[in-house]
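A single chain, nothing else alongside it, follows as structure tokens in the form predicted on its own.
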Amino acid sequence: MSFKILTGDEAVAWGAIHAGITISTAYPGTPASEIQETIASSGTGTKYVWAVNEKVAYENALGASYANQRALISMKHIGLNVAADPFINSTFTGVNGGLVLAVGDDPSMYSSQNEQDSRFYAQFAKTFSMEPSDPQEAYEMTMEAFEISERLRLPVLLRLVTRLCYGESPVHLKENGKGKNELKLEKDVRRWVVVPSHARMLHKSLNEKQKVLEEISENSPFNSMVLKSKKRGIIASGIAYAHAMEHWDGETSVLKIGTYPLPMKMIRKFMDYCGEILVVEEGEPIIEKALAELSPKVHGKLDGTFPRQWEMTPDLVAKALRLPYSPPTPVENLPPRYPTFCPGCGYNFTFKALKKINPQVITGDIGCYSLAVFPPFEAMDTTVCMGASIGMALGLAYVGVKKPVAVIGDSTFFHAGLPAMVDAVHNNADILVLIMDNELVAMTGGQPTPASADEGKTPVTLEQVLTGLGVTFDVLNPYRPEEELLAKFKEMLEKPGPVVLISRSPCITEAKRRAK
């Protein structure tokens, strides 16, 4: 064996490569983007695909699994909302080749619009999930997840969090990984065609698998127990286990959880042994709720020992254990410093002009341009989810608001804006859609969009799509004099029906990187 210093994301990528995947699919989203980036730059020749959104990425991988090939899908937690339909239905159909879904949750919302715990999805879908506590476990769990997936013929969810995705540590790697599965199609319409008559039996079969899932969890090496003092015990999972171990005194009993369904036999044994129980977990109190039903001596997020929101930290654990800790000292009297666009970015000039035009309402979307909500621009009134800018602008127009402006990025338009754009045309909605086109997915590291002219790919341009929809559109160069920008905005706002203005300027940061 050899070892490398790897982040959690990189460890998952190498775990998948050494597990013999044929394909990796993804839509970029922090903190999970680097999984696919690592596979792309691994030099192993593993096929990777940046899909137009998470739903399509999941369906790509499911199709590969149908042909007996191992496939990895990676996305951020909010992306799983988009991919939920095929994910949940695939637990009914089952899989052939191993299928592992790596999801990066983002506690404290460092780059997300909500906090969300993906373990709920695994419970809802009635499938197996795993939660590593460090990059070494991320590597080992990924390989094991493919084995479990093929054994159960179910997708397996690997739950990651930001602190793990970007934290680095030595990881021991196998010298040689598993070879790829044989390409094999076994048609079985009773499994793969989920019409109601088939789905009823598939659900019965899925329920029958739950006992096997529980047995695997009870016997998993990723769950471990150290019985010491009977006075107090800690039950911890994932990265929160690492936080708890920073304060372990060598005497407190500890139960480490790494797999779900929960190993309840092990948990009951631990609870019978210990007096008070402190549950340390990242995200929602999923473990704690299961334990609270068994005993009132459990403490965690439900009783206020830990806050219900934001990231778990070593300081919070120290405070709960009544150990000395140093809370951060707030710095006072500093003026607010708002995040803003990169110097030279075309967004600066587009939003400056849009602010001067001052439309009645500006609905926003997910991307770099979300920063337009802050001073000095203050040119965005809503931001909810991918693609919502156009959908919300439609609703505003339907109830009589004059010419709402929907701001959306080029990647987000392809991801989730197209269905709403079709509705806009179909209903002849009086809106202006402003597409901020920087020719890549800038916010997550410069991944390609469908319009990118990558080798071997056929670009699908915004102009082609809009022409096909029959939409009136124009292209704006944001580096033109401001009076020209203002004139163009006024012209487009006066046109009836749905109109689109593409503000096109390459990402300045990516342009610098490529120039080097």
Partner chain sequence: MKKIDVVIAGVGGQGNLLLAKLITLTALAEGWAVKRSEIKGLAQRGGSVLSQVRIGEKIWSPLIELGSADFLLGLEPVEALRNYQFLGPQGKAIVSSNFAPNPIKFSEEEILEKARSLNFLLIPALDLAKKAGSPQSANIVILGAVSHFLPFALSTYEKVLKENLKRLQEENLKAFALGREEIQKLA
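Positions refer to the first chain, counted from 1. Owing to the predicted nature of the structure, the values given are computational and were not obtained by experimental measurement.
A second form of this protein, the form predicted in complex with the partner chain, is not displayed here; the remarks below concern that form.
- With respect to the partner chain in the predicted bound form, the three residues M141, G250 and A292 uniformly fall beyond 4.5 angstroms at the level of their nearest heavy atom.
- Listed residues W192, F414, Y325, F222 were compared with the partner chain in the predicted bound form; Y325 is the one with a heavy atom within 4.5 Å.
- Site annotation in the predicted bound form: the residue of Y273, F377, Y166, F92 reaching within 4.5 Å of the partner chain with a heavy atom is Y166.
- Although the partner is absent here, T383 is not a contact residue: none of its heavy atoms lies within 4.5 angstroms of the partner chain in the predicted bound form.
- Among heavy atoms of Y241, some come within 4.5 Å of the partner chain in the predicted bound form.
- Of the heavy atoms in N358, none are within 4.5 Å of the partner chain in the predicted bound form.
- At a distance threshold of 4.5 angstroms between non-hydrogen atoms, V331 is in contact with the partner chain in the predicted bound form.
- Heavy atoms within 4.5 Å of the partner chain in the predicted bound form map, among the stretches 212-220, 395-403, 114-122, 233-241, onto 233-241 alone.
- Contact annotation for 359-386: residues with any non-hydrogen atom within 4.5 angstroms of the partner chain in the predicted bound form are C368, L371, listed in sequence order.
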